[in-house]
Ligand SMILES: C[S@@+](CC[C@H](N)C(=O)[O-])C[C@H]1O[C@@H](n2cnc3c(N)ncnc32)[C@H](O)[C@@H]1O
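Just the one chain here, the form predicted on its own, laid out as structure tokens.
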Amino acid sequence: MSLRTTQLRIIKFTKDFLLATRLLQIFQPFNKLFGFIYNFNLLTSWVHKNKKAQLLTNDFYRPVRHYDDRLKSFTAIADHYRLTDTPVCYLEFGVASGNSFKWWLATCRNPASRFHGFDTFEGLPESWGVFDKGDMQSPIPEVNDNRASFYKGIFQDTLNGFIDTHRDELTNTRKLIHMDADLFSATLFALSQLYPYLNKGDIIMFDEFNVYDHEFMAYRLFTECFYVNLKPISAQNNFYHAAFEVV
């Protein structure tokens, strides 16, 4: 019997034994703690591996965060990639009051650019950290620009229909994707549905990237399971806001 065969038999026996005896369930009260340690260590390793990899602005480490400093990343990205006059397809997931949506709408002036905002506009569809389901509710923003459209509802109900009617735009226009959905489920769903339309040079931004069990976990599973190579290009507020280029 080969060594590999012996190893496989030991692994199978051990797994079946643990399933049958439920022995590891003595650790069940600590599941959340173990999950936190595992995922936070993955985040820590990723940040320290990539803290000097950015092409543009990066403020790591800073003791005090200022949310509006993400605009430094916005500006650096817009300038570096010359997005102000280039046609873009801007997709924002998690519009809320529309501050970032309006910033990009005002900055990207090309008349051929299109801006699409996705949100429930009725608050979070599930709890997130200290926020309860229904928190962060905002009405659909009022914008005076016919290049902008909004799609109300959870992404699982609205995104695929949008994709069906915008395939040419998604395929042939440089995409600027702003992930501000907060939730793991929403972030991973949106990324997975957009995967077939990602092109080299597209940009993906995360607004709560360093939340270890939500946007970071969605990023990690997406890049690992879909074999997507995302190059870090910008970060602000200790990687709360992080941006990547599809390479």
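Throughout, we count residues from 1 along the sequence that is shown. Fair warning: this is a prediction, and the values are worked out from it, not measured in the lab.
Below, we refer to the form predicted together with the named molecule, which is not included among the displayed structures.
Shown here without its partner, the chain carries E92, T120 and A186, all of which come within 4.5 Å of the named molecule in the predicted complex through at least one heavy atom. In summary, the region of this chain contacting the named molecule in the predicted complex, judged by heavy atoms within 4.5 Å and restricted to 58-66, 177-185, 196-204, 25-33, corresponds to 177-185. Contact check for M136: a non-hydrogen atom falls within 4.5 Å of the named molecule in the predicted complex. Residue contact with the named molecule in the predicted complex: S113 places no heavy atom within 4.5 Å of it. For the chain shown alone, A78 is not a contact residue for the named molecule in the predicted complex, no non-hydrogen atom being within 4.5 angstroms. Using a 4.5 angstroms limit between non-hydrogen atoms, P125 touches the named molecule in the predicted complex.
The single contact residue among N172, Q156, S149, T84, judged by any heavy atom lying within 4.5 Å of the named molecule in the predicted complex, is Q156.
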